[in-house]
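Just one chain is shown here, as structure tokens, and it is the form predicted on its own.
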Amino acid sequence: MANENIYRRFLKWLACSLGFGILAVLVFVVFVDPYDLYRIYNTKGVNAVKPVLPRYVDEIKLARAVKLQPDTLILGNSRAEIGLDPESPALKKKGYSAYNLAIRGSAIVTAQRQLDYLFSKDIKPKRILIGVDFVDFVNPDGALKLGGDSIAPETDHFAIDNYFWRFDSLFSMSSLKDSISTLFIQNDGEAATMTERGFNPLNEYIPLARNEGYFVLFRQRAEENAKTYLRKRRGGLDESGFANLRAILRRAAQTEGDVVLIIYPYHAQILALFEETGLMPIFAQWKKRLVEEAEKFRQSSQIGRIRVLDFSGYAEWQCEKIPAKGDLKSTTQWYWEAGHFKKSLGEKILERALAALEAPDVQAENGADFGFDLRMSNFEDNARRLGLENQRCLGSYRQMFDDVKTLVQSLSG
């Protein structure tokens, strides 16, 4: 009997200890709130700075968007996530409540799924800014056709509805680890973080640039890009991406929402890679298809506005010089590396996008064609702009074009 009582007391002690431990972890994670899901306690110096999302990015971003109920959405991949700050002065002075739903490595189908989910929650933004990435529309195995003006079907199953991610983000070793990390990054200006509204400032690139130099960052990305472009150069446009785009526009039309399609401001190094790998003709074809889709939307919808802004080119911003190899002191103003622009350039993009919606018949001011309002009627004008910019960039920065040519030749051999 005595042994049985001891055994029972041990089991009770074990159960109480286990229950207390679970409760302590739950309280700690909710209190620190590393994924910004609960916001019960949010204090500067304690837990106001949140780490970049290591998992459940789509689910957590959507959950945050549902809470904030933004009237302006930023969609796209990592270029938009890193470059376009929803708390920028351009948006704030208009009184817009914006959220950045862009996710690294995602294609336009993700943007459609996100929009479908928000609509299912009766969140219907007035403005949608979509970063569209040419490379995502290229199928390396050749053009993929769909019938007519196909529209991608609406999504009726969302990962965010799965309860496991909510449990795992609340009670797991990973959530505990991320909570502890949150406490240690509060005063670290170089930690990988994400703002409440989904913007990733890419702070972790600051020490990388300081220790390795911008040349290394640009070079590494150029090699990765060149391999991808060589693989895709014999491909063609994948029509499924346009079907997803039509589905997004259909959503926007339901709420009289405005849409801006943003052709990313790739650094001139990327355009030079397009030229050397043979992708440039498909790039031009892709732009034309975007404008055709926009024209169809205008004709079929009496509500909502749409603009296609071409930020690609070789102007002073995109032709920014890359610090030389071994130079650890020089920095760049506009780009982290060729594929990802900094917030400073993103601010110009947002200003231009909002201006285009307010004054749709006006091109960029002061003769600066950053953000060319692309239409079926001005393709030749845009081609001339690109040609002139190319010559100016080539004249002032031939070394970059020569380096790209050498790189592609070395990988093609």
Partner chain sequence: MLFNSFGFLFFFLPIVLAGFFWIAKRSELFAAAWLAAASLFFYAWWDYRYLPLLLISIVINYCVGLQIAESASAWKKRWLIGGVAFDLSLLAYYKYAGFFTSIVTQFSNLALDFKDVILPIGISFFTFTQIAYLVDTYQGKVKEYRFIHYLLFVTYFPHLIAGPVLHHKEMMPQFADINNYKPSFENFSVGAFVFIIGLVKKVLIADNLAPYANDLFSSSAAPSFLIAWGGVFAYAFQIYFDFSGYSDMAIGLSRLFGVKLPLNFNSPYKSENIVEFWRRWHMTLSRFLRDYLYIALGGNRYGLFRRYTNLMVTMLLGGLWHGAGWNYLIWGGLHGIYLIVNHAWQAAANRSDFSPAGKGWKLASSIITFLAVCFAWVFFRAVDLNSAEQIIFGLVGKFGIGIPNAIAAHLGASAVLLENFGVKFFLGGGTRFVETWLWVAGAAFIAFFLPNTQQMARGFFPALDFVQNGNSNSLINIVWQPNRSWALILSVFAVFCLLSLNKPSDFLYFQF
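Note that the rigid core is defined as the largest set of C-alphas that superpose within 1.5 Å between two forms. Numbering follows the first chain given and starts at 1. The structure presented is a predicted model; accordingly, all values stated were derived computationally and were not measured.
Here the subject shifts to the form predicted in complex with its partner chain, a form of this protein not shown in this document.
With the partner omitted here, the stretch from 173-181, 235-243, 273-281, 313-321 that lies within 4.5 Å of its partner chain by heavy atoms in the predicted bound form is 173-181. The closest heavy atom approach of S17 to its partner chain in the predicted bound form falls within 4.5 Å. Put simply, Q220 is close to its partner chain in the predicted bound form: some heavy atom of it is within 4.5 Å. Its partner chain is not shown here, but in the predicted bound form it comes within 4.5 Å of a heavy atom of I6.
Put simply, D188 is far from its partner chain in the predicted bound form: not one heavy atom of it is within 4.5 Å. Annotation: in the predicted bound form, residues I22, V25 and E212 each come within 4.5 Å of its partner chain through at least one heavy atom. Among D168, E293, D71, E196, the residue placing a heavy atom within 4.5 Å of its partner chain in the predicted bound form is D168.
Superposed on the core, the two forms barely differ at G395: its CA moves less than 2 Å between this form and the one not shown.
Fitting the two forms on the rigid core leaves the C-alpha of K405 displaced by under 2 angstroms between this form and the one not shown.
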